[in-house]
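This text opens with one protein chain seen in two forms, each one given by itself as structure tokens under the names structure 1 and structure 2.
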Structure 1
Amino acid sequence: MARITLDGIAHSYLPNPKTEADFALRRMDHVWQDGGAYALLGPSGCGKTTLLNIISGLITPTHGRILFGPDDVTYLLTEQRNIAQVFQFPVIYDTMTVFDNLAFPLRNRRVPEAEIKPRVDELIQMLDLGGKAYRKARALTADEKQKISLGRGLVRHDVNAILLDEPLTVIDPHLKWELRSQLKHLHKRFGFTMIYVTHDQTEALTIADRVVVMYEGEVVQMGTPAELFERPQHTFVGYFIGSPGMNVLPCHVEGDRARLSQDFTVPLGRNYGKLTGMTELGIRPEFVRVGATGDLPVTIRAVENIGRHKIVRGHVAGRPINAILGDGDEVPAEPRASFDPARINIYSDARLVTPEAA
């Protein structure tokens, strides 16, 4: 296992990049701890796979170094980095049996057969392939083949890191929860450094101890699921994490109050002084109260009952807003909204602002 250090990493697919816009990955300086479970989360095109391929050695970065522990591996070939990589679609040997596919990485490193069999048998049971251990892989379904790919990445215990690039894409939805849980269990058991690429926030928050959120070629926040939910450092993180995502409302901040329009202000509970740039108020739907009393009149356009709770979609001060109500709560005829001041985040040019000390 290895601690992974990104030292000034940046990458462009252009031969002579000149401006920041020319870079698919903008400068990164991050340390990922030995044995950590990390998820790279973000929309398509944000740089997740590029970063993963730099870590694996499939891409050499335009600028910067990558270190595994104290060793600079920037120019080492993939096979010299001692990593396991699982791709979006199955990469297996169709003419081999399930058992032989899983045993191949170990046999290739001359692990004794007496050690191979118990290790492979254990993985076969975990992947629910017990009845097909000696069946040729070409006879399996796409999701069963991908299970083999996952197993081949996990069968070795001596790797520096396991890199997974959206590995559950072809897996049946009802099996995804099971495989996520198994990945989490295997990580805790063997303690390998795991980096998991996904655009699915549920996968990221389920599998990872720390989530790395990427947006437009840069890391905008790295934190625990709770940190991403409660204190998103960037408006994109607030919008991307949560269902529905964080409400983001343009405002003018005046000390301890945010003015949403000429007629409506919201108490913040903390003093932010005088802010410049584009200022916005962020509030999760879970912390918006809708009832007969409140600071702001609400125009309701839809109420969605999803069983455990209701999502109220409306407008406040001419801006769209979402709120979450309990399943038994009713929306009054003349609804008003109020925000929990302790749960309000203020942003300047999309970045979280720290309030002034009391």
Structure 2
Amino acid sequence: MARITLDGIAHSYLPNPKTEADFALRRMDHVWQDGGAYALLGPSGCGKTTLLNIISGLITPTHGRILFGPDDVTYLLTEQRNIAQVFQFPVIYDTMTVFDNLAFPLRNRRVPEAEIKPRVDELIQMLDLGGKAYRKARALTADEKQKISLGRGLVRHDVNAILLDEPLTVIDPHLKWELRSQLKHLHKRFGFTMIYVTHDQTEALTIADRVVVMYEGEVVQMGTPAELFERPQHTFVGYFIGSPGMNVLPCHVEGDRARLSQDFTVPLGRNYGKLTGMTELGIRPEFVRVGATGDLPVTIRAVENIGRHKIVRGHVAGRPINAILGDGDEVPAEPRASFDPARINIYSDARLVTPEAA
């Protein structure tokens, strides 16, 4: 077990990267705590897998160092780093039995056979694969195969971290939930550092203590699910997390008011001074109130009933906006919207601005 430190890591797949844009992964400095459960969340092509492969050693970064605990492992080979990785598609050794599959990493490391047997047997119980130990692994279902991929990491008690690269992609929805809770349970029990790559926000928010959101090769926010919801550090985080995502409206900020258009301004409750650059106002649909009173007139486009609440899709000052309406509430004839000032976030060039002290 070890803390993982990324010290100025950057990576480019080009031989001679020159501009920022040549880098698949922009320079980053982060510390991943020992025993933490991290989710790497982001859209396809944002650099999640690149970052994961740098940690596992399948890729050597163009710049920077990576440390496990106090040791620099940047140039160590994968097998010397003592990590485990689970891939998108289950990787099993077809011709081996379940038992042999799980024993394989130990046998390669010349662990005595007498020691392997109890360890693998215990693991088979924990993975709920009892009774299948001596079946050929290729006869199993996709979720069982994926458990074996994971098991080959867990069987080595000394792994520094377990990295999972969208491991539930090929699993049936009803088994996804089960496997996820099993993974969480195993994480608690073994206390390994877990890094879980996904593009599914629900998966990320349920499995991880801390979610790392990536966008265009950068980590734009690293925080608890609550932090990501309440204070997205980047407009992308606001938009990517939540369903529907945060409303982002271009505006001009003047002191403690945001001007959305010629006619409409919104009180912010805090003073931001004078902001330059591209300024935007972010407000989650949960905190937009649509009713008979309010600062802003809304034109309603659609109301979607999604069970416990309704999503109102409309326009404010010519910009599309979503709001969430409680179950009993109705949209009035002349609807108006108001934003909860405490929940408004102001962004300058897509990054969160801290208000001036009052």
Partner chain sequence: MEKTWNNKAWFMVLPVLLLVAFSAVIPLMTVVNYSVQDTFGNNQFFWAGTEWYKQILASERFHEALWRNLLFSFIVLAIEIPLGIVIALAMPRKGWTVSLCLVLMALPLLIPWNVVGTIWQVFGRVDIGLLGHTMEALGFDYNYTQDPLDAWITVVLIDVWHWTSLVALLCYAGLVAIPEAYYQAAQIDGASRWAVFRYIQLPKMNRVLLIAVLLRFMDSFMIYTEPFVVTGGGPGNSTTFLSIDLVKMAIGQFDLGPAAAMSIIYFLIILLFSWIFYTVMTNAGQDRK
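Just so it is clear, the structure is predicted and the values come from calculations on it, not from any experiment. Here, a residue number simply tells you its place in the sequence of structure 1, counted from 1. Rigid core here is just the name for the largest C-alpha set that superposes within 1.5 Å across the two forms.
Q: Give me a 1 or a 2 for the form predicted on its own.
A: Structure 1, not 2.
Q: How large is the turn of the smaller rigid part against the larger between structures 1 and 2? Whole degrees is fine.
A: Interdomain rotation between structures 1 and 2, rounded to whole degrees: 14 degrees.
Q: After superposing on the rigid core, how much does the Cα of R109 shift between structures 1 and 2, in Å?
A: Reported C-alpha shift between structures 1 and 2: 4.0 Å at R109.
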